[in-house]
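Same protein, same chain, two forms; see structure 1 and structure 2 below, as structure tokens.
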Structure 1
């Protein structure tokens, strides 16, 4: 997705302005020559403002030849739109559900859904997702002691851990 500089420029300007406003509400220091938490953000805000204006100007000069928003071929292919939606959806699902379902279930679903979308082969996806989930669990939870959430499987945590 290519967005014209004529749109991106003002967005950068807006980020610069927000940085400037946020910097101005930072508390003023009582020592150190008056350089508080707002000093650096305000320099960056000014920089973004200036660079955003230059970008907008570049976009304005090239406005005849560059469309406002140009999508690549994938946007016309339902399969590819679904690919992207599944990747982002699977990650969002993991973020929202992993504490409740636990890593083993949520991770498996995340992985299985993405594999199925990419490969269109349910059996293989199932096998690869199961093996990978267990391998990740063994490496990170059992060997590296990362406290991955147990969720629904918490009552069986003792049985499912080998150390």
Structure 2
């Protein structure tokens, strides 16, 4: 499936603006300068904004020769449809369950399900999901001081924090 850049560009610009707004409400560093919780979302928001503007410009220039939406053969493939469903389902699961389960559990389940769908290797998916979840937790929560939800692991927060 190919969606025209003239449709995707404004969508990506809107996502970039939302990321910048969300970054502006993140906690600021206590001692003035430095990197707060909104630092990386701001970089991503600016990148999305620039990419969306470029896509919009390219889509506007090519609007006469490119259809708004074109479907390829993979749209009839059950495996590809399952891949799309797993990615969307995993994202919805994380959004809905992360506050209750916490980042470590919800992030692990989300990564494991997605990796299992794409690699079909349970052991490799388990190891990569565990290492990635712990690396993201350590980087964002312990080093960058970005608050991540503890959820069910709240009683063990002192044991699981490495600072």
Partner chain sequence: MAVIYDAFLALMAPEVLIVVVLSSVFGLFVGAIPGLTATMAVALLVPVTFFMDPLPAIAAIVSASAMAIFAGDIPSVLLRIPGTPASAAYTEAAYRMTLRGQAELVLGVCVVTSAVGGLVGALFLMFFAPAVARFALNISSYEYFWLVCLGLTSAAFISPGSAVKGIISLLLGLLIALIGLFPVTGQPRFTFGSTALYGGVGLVATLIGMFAIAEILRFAMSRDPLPSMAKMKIGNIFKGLMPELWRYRKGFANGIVVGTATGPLPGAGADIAAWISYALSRRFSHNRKEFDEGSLEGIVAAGAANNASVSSSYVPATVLGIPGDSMTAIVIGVLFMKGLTPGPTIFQTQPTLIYGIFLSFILANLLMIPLGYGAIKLSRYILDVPRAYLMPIIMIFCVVGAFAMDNTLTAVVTMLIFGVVGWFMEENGFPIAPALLGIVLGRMLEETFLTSMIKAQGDFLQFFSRPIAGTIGVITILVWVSPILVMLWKRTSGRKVLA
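Given the structure is predicted, the values throughout are model-derived calculations rather than measurements. Positions refer to the first chain, counted from 1. Between two forms, the rigid core is defined as the largest C-alpha subset superposing within 1.5 Å.
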(request) Please match the form predicted alone to structure 1 or structure 2. (result) 2
(message) Of the candidates 120, 88, 70, 139, which marks the hinge of the rigid-body movement between structures 1 and 2?
(response) 70
(request) State in degrees the rotation separating the positions of the smaller rigid part between structures 1 and 2, with the larger part superposed on its C-alpha atoms. (result) 63
(request) Could you check how much the CA of residue 22 shifts between structures 1 and 2 after a rigid core fit, in angstrom? (result) 23.5
